[in-house]
Every structure is written in C-alpha cells, then in structure tokens.
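As structure tokens, one chain now follows by itself in the form predicted alone.
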Amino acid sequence: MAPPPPPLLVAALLLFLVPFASASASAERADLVVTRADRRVDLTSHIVRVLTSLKVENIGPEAVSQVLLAFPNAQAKNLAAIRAFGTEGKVKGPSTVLPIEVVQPSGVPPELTFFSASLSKALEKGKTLHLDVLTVFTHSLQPFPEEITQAESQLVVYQDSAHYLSPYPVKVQTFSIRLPGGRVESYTKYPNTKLADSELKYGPFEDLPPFSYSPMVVHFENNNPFAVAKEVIREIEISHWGNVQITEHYNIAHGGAKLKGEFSRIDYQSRPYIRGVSSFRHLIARLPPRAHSIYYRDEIGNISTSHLWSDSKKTQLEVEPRFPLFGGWQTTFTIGYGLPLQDFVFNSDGKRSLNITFGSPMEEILIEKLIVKVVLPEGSMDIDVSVPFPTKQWQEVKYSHLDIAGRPVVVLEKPDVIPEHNLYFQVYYRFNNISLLREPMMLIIGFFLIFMACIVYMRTDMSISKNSPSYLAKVQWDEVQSIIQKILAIFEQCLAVHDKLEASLHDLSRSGDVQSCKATRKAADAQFKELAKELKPLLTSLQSSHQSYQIWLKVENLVAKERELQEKLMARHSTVVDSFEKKLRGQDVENRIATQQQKVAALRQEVESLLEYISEM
C-alpha cells in the first residue's frame, strides 16, 4: 500500500519557518539550552503517550523560574493531559510535580500553543534541570484506509516531527516510537533511522536550532481496541448506613476504521482472530478490592457474558457486549457495584470527605464526555469539591424514597477523559448524624399511625344511633321484610297443597278410588285452615307497619287471588268426585270441568307472578 499523503500539519509548520528568527530571538533571551532531549512515543494503544526527558541548563546571567513547552495547534487540540516532573542537579534525583499552565509569550508564531512549567525553585546560572514531560493525545491515530472489510487488519497513520519542537536550542536529541507489533507499511526514513522489532528509532540529532522541525509519518498495523465512549454517566451515591453505590452508564463505540461490507457471524465464530481481527469483544474494568453486588446489564436485561476475578488486592471485571464491535459500531450498557463506606468516606473535624477516583475503571478507554454525579445524603451542607484538573461543576437535587427536601447532587463534567485522569478527587460536606434517624422515624411513625387508625376503626361504633328516625325506619323495614318472608313461605305451602289435590285427581282418573280422593280433600281442608290461622296475624302486623305501604297492596291482592284459586280448585275437585260417583263417562267429566280448569290455570299463574314480584321487592 502506498504511504499516505503528507498531513496538513506538516504543510502548516513549513509555512512558519520564516518567523522563527524572531521567535528564536525571544527564546534566546531566556538563556536556556536543552543539552539533551529524549522522546519516547507509545503507539500500542489508540491513546498516544509521549514521554519527553529534558536536560535543561541555564547559561544566562539571571535565574529562570519557568520552562516553555511548545506544541503545534493541530496537535495541541488533541492534548488530553500534560504533566511535568522536575529535579535540579547534574544527577537526576527524586522529582517533584510542577504546575503547568497555558501561556502566550510575545514574539512567537500564532500556529503554536505554549505551556509553561513553573519551577518550584528558580534555576540559577550554570545550574541544570532534569525535566520529564508526559503528554497524552487522543484522536492522533488516523485509520488509513478509513474503511476495511471484516477480514482485513486495521492500519493507522501517526504524524509527528523527528526533531523535538522546542523554543530553545537542543544539543543532542533522540526520538523512539514503540509500535504494537505486526507489519509496518511505511515510515519516513532519515539517514539515522532504524526499525528493530516493534521499535522505530530516529537520531541522535545534534545541535538543533530553536523550533527545529523534521516531519515524519509512520503507517502501521494496530488492531488493539479503539474503545471510545461517546458519553459516560457515573453516579456515586453515598449512604451513611454503610455503602457507596456506583452506577456507570456507557455508550461505547469502536473508533477505528469503519466496517465495509456485510458482517458474517459464521466466519467470525469459526475464525474470530482472522475474520474479526480489527474488532474487540470484551473490556476490562479494574474495580476497588472490596467491591460487591456487581452487576452488568443493558436495556434488554442482565448480560451473562461477563467474568469476575477478585482477591484482597483487586477486583477485575471482564464485560463482553452482546456482539463484537467493529469500526463505527456502538453499544450501550450499565455496570454497578457497591463499596464499603469506611474505605471512601472519612470524618475529620466535624466534616466528612469522599475520596474516590474520578474516571472510569475501564482500561484504555477514551471518554469524549464524562459526567460524574455525587449524590450526597439528604441534609448535607457546606459542600465543597476538590478536583486535580479543571472541570465544569454545578449542583442539582435528586429525590428518592422517603425524601422531603431531596438529596444534593454534585455534578462534574469533563471532555476527553483518559486513564491518566483516573485520579482521586474529594467532596467535602457536613452531615448531622441525627439525620440518619429521619427515614427510620418516618417509617416507625407511619406504621404507628396506620395501626392506631386500625385500632380506632375496630373499636368505634360506626352504626347509626338507635333513636334516630333513619335507624328506626331501617328496623321497621327489616321487620317488614321478615314478615314478607313468612307470608311467602305460607303461600308456598298453600301451592304445595294445591299440587296434592291435583295429584289426587290424576290418581282418581287412573284407579277410580273415590274414597282415597275424598281423604286427600279432607286433609287439604285441614291444612288450609291451619295456614289461614298462621297468615292472619302476619297480615295484621304487615298492615299496621308504616314501611309496608308500598307492598301491602300486592300482598292483599295475593291473598285474594289465592283464596279464589283455592275456591275454584275445591269446586273442581268436588265436581270430579261427584262425576265419578255417578259413573259418568270421561268425556262428560271433561266437559263439566273445562271452564273451571281454565279459570284455575289462570289464577295459578297470577298467584305465582305476584309471589315472584313480592320476593324481588
């Protein structure tokens, strides 16, 4: 494959070689010279780390309190972290961290971004400073080609300068690049360039003027995971009942060369390291040693393709998404775990402090936008935050179960977060231990009130007063209903006697036993008299009740109809018995009782209808 075209960065730097003379003059006034510069670039990951070791000497008459570091603007915009460590003396000893800030010196090219490393002690004339500068860059490895098939390896391009870009003269300089292994398509060659195994070396270069620049490009294979989180929301919820709950929501994409063509699951499963060499299928999260209650899930539910290893020193969680991630693919998931409160929250001088890491526990992940939410207990006051790097901060309120005023939430937001940002930060606040009893007391009081309400309800007579008109009316209506039920029962017995008389007539027509039929008639007469005696006082009580005015007319009508039915039925019975005694023919008997039969049937139907109507009332 042909090497990629020279980057715009090289062209831009070549354009400002002319103003370097004025910049050099300005830098020379500082009277500093870099006697040796060793740069080591690590390209084994998609996050580029550059460690520059400088040996700086003050050859001027005055002491110097700062050292300038220069970067091209195109490179500075991808700078995620920069740290400097310095020690004074001809022999390198223990280093101290030096504060760094962005500066804009006079007389320098506008295409450069400058940082100033402030020395803890001014560098006197003739003294030597050993300065180590760690810089971490994101999005510095560009896929080339930008699209590859499932079976192709991923090739990327890295562009830099073989010379150390410095505002000071450099006497001796070396430059080395550590590659991830695999093939190297092409690289810029100079007379003193050497590629051995997975390391590309340039130099040494001697007596370089200020702002010396020598463009270089290396095109190589890198199939390591290009894990880029578009957004991560990390929620840290403190409970003074003994737990710190961590919940992290990830939206992760593969930031490498995009997949071209279709994806074959069969090819991938049969030869994943050949037919999916540029993809990644798992991530490693290094959790605190005593992490517990760990879970890993997405929108569908729990994901079982995860592995956990833990011992007294560490807890390691391997998360595997539901599908491998190729270039341009993305997935979302959530991990959560609990931590012991005493390991991360401390109490000093009446003020509590949370001391926990800022970034993600995932290895080698770039987070384009990280939001950290620290949920403090309800009632926390005097909140203060200490973060070792600039962040956007604000506060909000979160309501949870049994909250009244809500829980204060400290929100920290930072772009381009890398593993180097996984440093400890502190949140200070005041919290009264009495507030711990608020929720338990609310539960106790709530249950107490419920039980008291139940006791009062069970012991309170909720019935209406016995002297009230409504209660008296209800009692009277209950009495009326009781009388009605008794009356209905008597009429049901009367109908049963009617049925016996009908049955005796049928038996007479079959057997001709007149005496048996007369006996049945005599028994029926006796039962009718007994039922009439029982009915009379009930009718008197019903008629005298004020609540029976709606039903009395129906009952009265029922009594009249039943008596008429009884009379008609007795008359027909006498006619049939008399006919049989005179030994009349069957047809003659039918003719004599035809009219009576129709009248009895009609009355029987009316009585049954009235009984049904009254029972429904």
Partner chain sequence: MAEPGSSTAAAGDGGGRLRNAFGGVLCAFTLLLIGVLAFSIRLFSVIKYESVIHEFDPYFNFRVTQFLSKNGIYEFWNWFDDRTWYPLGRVIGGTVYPGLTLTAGTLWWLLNSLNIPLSVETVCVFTAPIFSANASWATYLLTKEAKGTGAGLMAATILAMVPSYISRSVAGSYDNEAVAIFALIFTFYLYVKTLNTGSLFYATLNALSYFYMVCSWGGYTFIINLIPMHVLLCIVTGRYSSRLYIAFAPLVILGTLLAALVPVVGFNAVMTSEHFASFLVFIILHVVALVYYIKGLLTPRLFKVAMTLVISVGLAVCFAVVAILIALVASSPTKGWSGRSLSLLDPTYASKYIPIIASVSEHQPPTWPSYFMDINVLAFLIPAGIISCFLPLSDASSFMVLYLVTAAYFSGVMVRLMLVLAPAACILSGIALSEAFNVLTRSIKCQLAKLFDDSPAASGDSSAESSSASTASTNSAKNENRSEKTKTIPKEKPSKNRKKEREVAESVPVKHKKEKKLLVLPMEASAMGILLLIVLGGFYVVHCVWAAAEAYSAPSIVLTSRSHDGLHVFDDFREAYAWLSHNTDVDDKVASWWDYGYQTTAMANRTVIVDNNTWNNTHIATVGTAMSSPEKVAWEIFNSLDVKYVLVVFGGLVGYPSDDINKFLWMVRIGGGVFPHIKEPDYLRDGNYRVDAQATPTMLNCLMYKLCYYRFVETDGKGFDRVRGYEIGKKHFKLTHFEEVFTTHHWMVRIYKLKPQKNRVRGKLKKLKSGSKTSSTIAAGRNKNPWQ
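As the structure is a prediction and not an experimental result, all values here were calculated from the model. Between two forms, the rigid core is the largest collection of C-alphas that superpose within 1.5 Å. Positions refer to the first chain, counted from 1.
Beyond the structure shown, there is the form predicted together with its partner chain, which is absent from this document and is the topic of what follows.
- Note on contacts: among 304, 386, 120, 312, the single residue with a heavy atom within 4.5 Å of its partner chain in the predicted bound form is 304.
- A heavy atom within 4.5 Å of its partner chain in the predicted bound form is found for exactly one of 247, 332, 476, 435: 332.
- Within 4.5 Å of any heavy atom of its partner chain in the predicted bound form lies no heavy atom of residue 350.
- At a distance threshold of 4.5 angstroms between non-hydrogen atoms, residue 267 is in contact with its partner chain in the predicted bound form.
- For the chain shown alone, residue 328 is a contact residue for its partner chain in the predicted bound form, at least one non-hydrogen atom being within 4.5 angstroms.
- Although the partner is absent here, residue 403 lies within 4.5 Å of its partner chain in the predicted bound form, judged by heavy atoms.
- Heavy atoms within 4.5 Å of its partner chain in the predicted bound form belong, among the stretches 283-291, 136-144, 484-492, 152-160, to residues of 484-492.
- Heavy atoms closer than or equal to 4.5 Å to its partner chain in the predicted bound form belong, across 237-265, to the residues 261, 262, 263, 264, 265, ordered by sequence position.
- Annotation for residue 451: C-alpha shift of 2 angstroms or more between the shown form and the other one, rigid core superposed.
- Once both forms are fitted on their core, a CA shift of 2 Å or more is seen for residue 499 between the shown form and the other one.
- Comparing the forms between the shown form and the other one on their rigid core, the Cα displacement of residue 39 stays under 2 Å.
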